[in-house]
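Just the one chain here, the form predicted on its own, laid out as structure tokens.
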Amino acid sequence: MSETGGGGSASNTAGNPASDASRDMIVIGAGIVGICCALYLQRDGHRVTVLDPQEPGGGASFGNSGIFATDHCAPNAKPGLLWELPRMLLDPLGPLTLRWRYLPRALPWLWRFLAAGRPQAVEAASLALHALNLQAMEAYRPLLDDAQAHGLIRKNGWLLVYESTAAFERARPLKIDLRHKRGVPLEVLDAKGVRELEPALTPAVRHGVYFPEVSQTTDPFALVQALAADFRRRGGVIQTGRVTGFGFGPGGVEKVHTDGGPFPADGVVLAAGAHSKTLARRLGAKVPLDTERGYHAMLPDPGISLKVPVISGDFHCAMTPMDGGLRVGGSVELAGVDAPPNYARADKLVSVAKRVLPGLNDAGVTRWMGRRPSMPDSLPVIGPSPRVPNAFFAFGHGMLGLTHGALTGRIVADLVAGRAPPLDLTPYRPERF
């Protein structure tokens, strides 16, 4: 399972001893969001157990593109999407596709998704995403310090490129103008400026936008593993198991049931990524969560070198230099949690990357598919359950789980402690639909 600065948690200190206020907390999910929640709860002195069927970082956190997208302040839905959607969905290898057998189940989510593209909804979601972005990296700082994991992070920015002038102009309102409005640092580049920054790019690229303040991790899986190792070193428990239900008492959840037996709990945090929907309902919230299935291809010996991650705006394909080679990722497939992968989508990404990066070597390529937890308004679910007093939600981050993982953990710890969180949680509340 899976998918940041200052304010209310300034009193958190690493290694706080257990106190009269400490609790036995269960975190469901060992992706980047769940591990960050566990670490921040541990810093408050709670006894924390993380439950997940996979090892830490084994789900969507394993295969993301590694970009802390603190520039990203627009929802996936946009004005006019209704007229583009049929064309996009008819292409099984396109950047957004829907398996037709899944259409009846996806319709309620799609309806809300289209509604999220109204201008006023886009503006509201943009403000809410930007509020998270402003504090995203600062919330990682103490966790990286404690885990000695700063070596897995570098701040070189990232580059958005276009071959088509028409596509660049269509993207301008959300990719440039909205970011300008939010105060995101960026530089608009012509063809010459793009190739001065990244000489490996095809001469067909005519336009670029460089975001200099954005960071990346050189290995998303290693990052989660390093944070999980620090959590264990401080006494935290990570248990392999699938959560099957809950035992309730007068104060809320008293036990978390798994396929390996029950765990006593004074409180529970649901951070199970794309697998959170059913468990959220059992914890008192009906949320319109669905699954964005994303693909990547890993090229171990690409034969070219990139200074920064590059995203093709024409083809919606991210190319990220990592410790293990070049990761080519992207695309959204709506097919549910259980459908088998269509690795032709990963192959399509490789063909796009070879077009954008002439001379790219794809020998030894490996393919992967992961399940991102997606809300139709592109905002995560962060906050207390509306019905179960000691249950807290931390899921639905879509493509921004890596970006907002640490801040989500800090917010959850604030809520458990009764502290004021560092921002208004109204846009992310589970009962907003």
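The first residue of the shown sequence is 1; numbering continues from there. Quick caveat, the model's predicted, so the values are computed rather than measured.
In what follows, reference is made to the form predicted in complex with a small molecule, a form of this protein that is not presented.
Q: Establish, in the predicted complex, whether Q54, G66 and H275 all lie within 4.5 Å of the small molecule, using non-hydrogen atoms for the distance.
A: Verified in the predicted complex; spot residues all in contact, yes.
Q: Is A38 one of the residues lying within 4.5 Å of the small molecule in the predicted complex, judged by heavy atom distances?
A: Answer no; every heavy atom of A38 is more than 4.5 Å from the small molecule in the predicted complex.
Q: Contact with the small molecule in the predicted complex for M298, defined as at least one heavy atom pair within 4.5 Å: yes or no?
A: Output for M298 is no: heavy atoms all beyond 4.5 Å of the small molecule.
Q: Hey, in the predicted complex, is R372 touching the small molecule, heavy atoms inside 4.5 Å?
A: Taking the distances in the predicted complex, the answer for R372 is yes, it comes within 4.5 Å of the small molecule.
Q: Is there a non-hydrogen atom of L407 within 4.5 angstroms of a non-hydrogen atom of the small molecule in the predicted complex?
A: Taking the distances in the predicted complex, the answer for L407 is no, it never comes within 4.5 Å of the small molecule.
Q: Quick one: find which of 338 to 346, 266 to 274, 194 to 202, 156 to 164 has residues within 4.5 Å of the small molecule in the predicted complex by heavy atom distance.
A: Looking at the partner contacts, the answer comes out as 266 to 274.
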